Structure formats: C-alpha cells, structure tokens
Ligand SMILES: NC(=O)c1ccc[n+]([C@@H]2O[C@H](COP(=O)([O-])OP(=O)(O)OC[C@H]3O[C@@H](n4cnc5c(N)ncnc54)[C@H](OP(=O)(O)O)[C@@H]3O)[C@@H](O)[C@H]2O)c1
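Quick heads-up: it's one chain on its own, the form predicted alone, in structure tokens.
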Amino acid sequence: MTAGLEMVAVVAMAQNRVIGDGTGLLWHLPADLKRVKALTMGCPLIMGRRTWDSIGRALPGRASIVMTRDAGWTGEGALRAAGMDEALDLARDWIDGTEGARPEIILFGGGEIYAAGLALTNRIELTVVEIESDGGPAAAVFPELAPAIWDRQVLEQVPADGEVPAHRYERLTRKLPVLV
C-alpha cells in the first residue's frame, strides 16, 4: 500500500460472530448505520458480491470495490476485483485520484473478505449485537480474533430500545501493527 494508508475492518456481528444470512442485515440499528457512514465516508470499501447484493447499490462518497470470482460480473458504480491484491490496487488508485479521500481502506464484508484481509488490518471498528443468530444455511461469520494480537476497547454500551437490540461499539487495535 501507499505509505500512510491504513486498512480498517468495519463490521457488525452477533455475539456468536454471525454477520449475515447471505441476503441482508439480521438487525436494524439506525445509530449504527450513521456510525458506519461516518467511519467509511471518503474511503474505498472492499466487499464481496453478496455484500454488494445486500446493499443493492454503490454508497455515495465511497468507492465500492467488489471482489468476485465471476469475471463477467458488473454492478453500476462498482469496481470489480478478482482478488485482494487487485482490490488493494483499485483502492489505492481511487484514494490517489479522489479529492478529499481519506487514507483508509475499509474491509466491508462478508466473512470471506474479512478472512482474506484481516492479516493486513491494523484496526477493527466493531459493533457487537447482543443476540445469538444462526444466520441460516448461508450464514456469514466474522473470523475469530486472537486476544494476544488485539487490544480491545469498549467505546459505548447501548441498551435495548424497543425493536433495537442491545449492542456495543468496540475498537480493536493490532498490538504489533503490520506493514502493508
């Protein structure tokens, strides 16, 4: 990566690490959606095709880099990448060519994308939803994190409110940063 760039994973997961069911979000957290927008605005987002499909469109003010094995795949407003190296090249190019872009590349899901990029990630912005979910037959799961590698800081505890389940915001920082 270009000097000064940071890889950040932004993820919401259930207590048992389930992040999705292959079609969309398993919960609705309006405040978390605003937080995610603030964390990702002006950044390229690296995501898988199912994450792209669940969002349904390119998010304004951000690049949508979609990793897929389907060489013929296209999505309006998306950049297709066959693998992580190509996705990182596209992200660098977007940052270099976009006025006001922030020097952060966001891993945006799903489970395979997080697994492919976590070795290059120095920070994780995590929302833990205090529910258990099986996610169904197409469940996407966030990889297990070794406590010896990450410093964990709880930023905020949010109590349940009507239909909105209790959740917390955490920031994990790699104890020994990786050079990417």
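Note that the coordinates shown come from a computational prediction; the quantities given were computed from them, not determined experimentally. Position 1 is the first residue in the sequence shown; the rest follow in order.
Heads up, the form predicted in complex with the named molecule isn't pictured, but that's what we're talking about next.
Asker: When the contact criterion is heavy atoms within 4.5 Å, does S54 count as touching the named molecule in the predicted bound form?
Answerer: Contact check for S54: yes, within 4.5 Å of the named molecule in the predicted bound form.
Asker: Considering only heavy atoms, tell me if E130 and the named molecule come within 4.5 Å of each other in the predicted bound form.
Answerer: The answer is no: E130 has no heavy atom within 4.5 Å of the named molecule.
Asker: Determine whether any heavy atom of E112 comes within 4.5 Å of a heavy atom of the named molecule in the predicted bound form, and answer yes or no.
Answerer: E112 belongs to the contact set for the named molecule.
Asker: Answer for R50 alone: is it within 4.5 Å of the named molecule in the predicted bound form, judged on heavy atom distances?
Answerer: Although the named molecule is absent here, R50 would touch it in the predicted bound form, with heavy atoms inside 4.5 Å.
Asker: Would A12, D21 and T68 all count as contacting the named molecule in the predicted bound form, using a 4.5 Å heavy atom cut-off?
Answerer: Result yes, every residue of the spot touches the named molecule.
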